[in-house]
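What follows is one chain in structure tokens, specifically the form predicted alone.
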């Protein structure tokens, strides 16, 4: 078997596939690319049994073949070659010979029998969304996914189909984000939880191009250009997140997003390392933000102008969580909706487009004084 391919074209293809190759695994077969030549295409696959990536490129080859090749070795060789033509040939001694204008490189290959089959997702339920819209939804929500394995459902991002739109939800119990794309409506409520690793890889793959998504009960497939990205789903029920979104937050405070964000960054320098506490003291049209590190004997406070309708209140937050929430409000002004110092606070952009809705929820912390 032999075929030729440009090194830059192959490097681009392999760079898309290699995120599915595990760095450490008890199954050495997973450290390989599966190369398959069929009907004039070279198809390259990789999987770590949780995610799988597949892509193909047109090649001219007389024979059909299926082999597995050490992924990182091949990738590093190809990317180091510069822009050149590579001739691939299989040798009788299970060697794959790569020949360029200046060199010959032999890489051992093996039989594909042990390479795991990648689950096929039926194409009955198809969702089409622009890559830019999907990336925005992921970027707006994924930061709030839980890092704790105690509740596996919260370690992923929820894709929830509804008549209202496609809801993207993430929470770690301290903060919650719900982003709704109102363009994609579904008469039937359906939930799918996509794991953190898949969300991370998907975000890097997305471009402006249209994305086709197919769901089964256990897996999801994303088709992005000539890339197929598969992931297992988290097979648990997502927490009833709507029950923690308060309905009675009648106290509203409007602020300049950049002002409060820069203040929170400074307060984080003065808050105690263990609690990371920041205190909001809110009165009519005035917010005092303060922090104290008793161990180091340091403290700070700043006053910020705001528009506030409600009762005077002092409420504590975790500086890191407030920072994360505010960093994902893509609007000049932000609204805090409060009820009391012990109830969840809703954070929303002052303005949203007609096709989207963003709600961020922040749990308060008990004040030291």
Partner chain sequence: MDAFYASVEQRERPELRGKAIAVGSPDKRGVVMTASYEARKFGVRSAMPSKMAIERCPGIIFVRPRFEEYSKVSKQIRKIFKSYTDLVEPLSLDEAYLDVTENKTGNSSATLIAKEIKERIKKELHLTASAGVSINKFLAKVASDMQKPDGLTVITPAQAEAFIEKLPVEKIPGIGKVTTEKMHKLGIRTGADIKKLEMDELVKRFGKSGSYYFHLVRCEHNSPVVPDRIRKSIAAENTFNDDIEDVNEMLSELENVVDILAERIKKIKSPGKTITLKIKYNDFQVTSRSKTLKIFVDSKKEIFEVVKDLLYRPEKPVKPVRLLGVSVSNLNHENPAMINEQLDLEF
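Numbering follows the first chain given and starts at 1. Predicted, not measured: the structure shown is a model, and the values here were computed from it.
One more form of this protein, predicted together with its partner chain, exists but is not displayed; see below.
Checked against its partner chain in the model of the complex, the candidates 87, 107, 227, 244 yield a single residue with a heavy atom inside 4.5 Å, and that residue is 244. For the options 256, 97, 151, 125, the one in contact with its partner chain in the model of the complex, meaning a heavy atom within 4.5 Å, is 151. Stretch 338 to 346 is the answer when you ask which of 338 to 346, 33 to 41, 65 to 73, 304 to 312 has residues with heavy atoms within 4.5 Å of its partner chain in the model of the complex.
The closest heavy atom approach of residue 10 to its partner chain in the model of the complex falls outside 4.5 Å. Residue 171 belongs to the set of residues with a heavy atom inside 4.5 Å of its partner chain in the model of the complex.
Interface membership of residue 365, defined by any non-hydrogen atom within 4.5 Å of its partner chain in the model of the complex, is confirmed. Although the partner is absent here, residue 299 sits far enough away that none of its heavy atoms falls within 4.5 Å of its partner chain in the model of the complex. Taking its partner chain as it sits in the model of the complex, the stretch 311 to 340 comes within 4.5 angstroms of it through a non-hydrogen atom at 318, 321.
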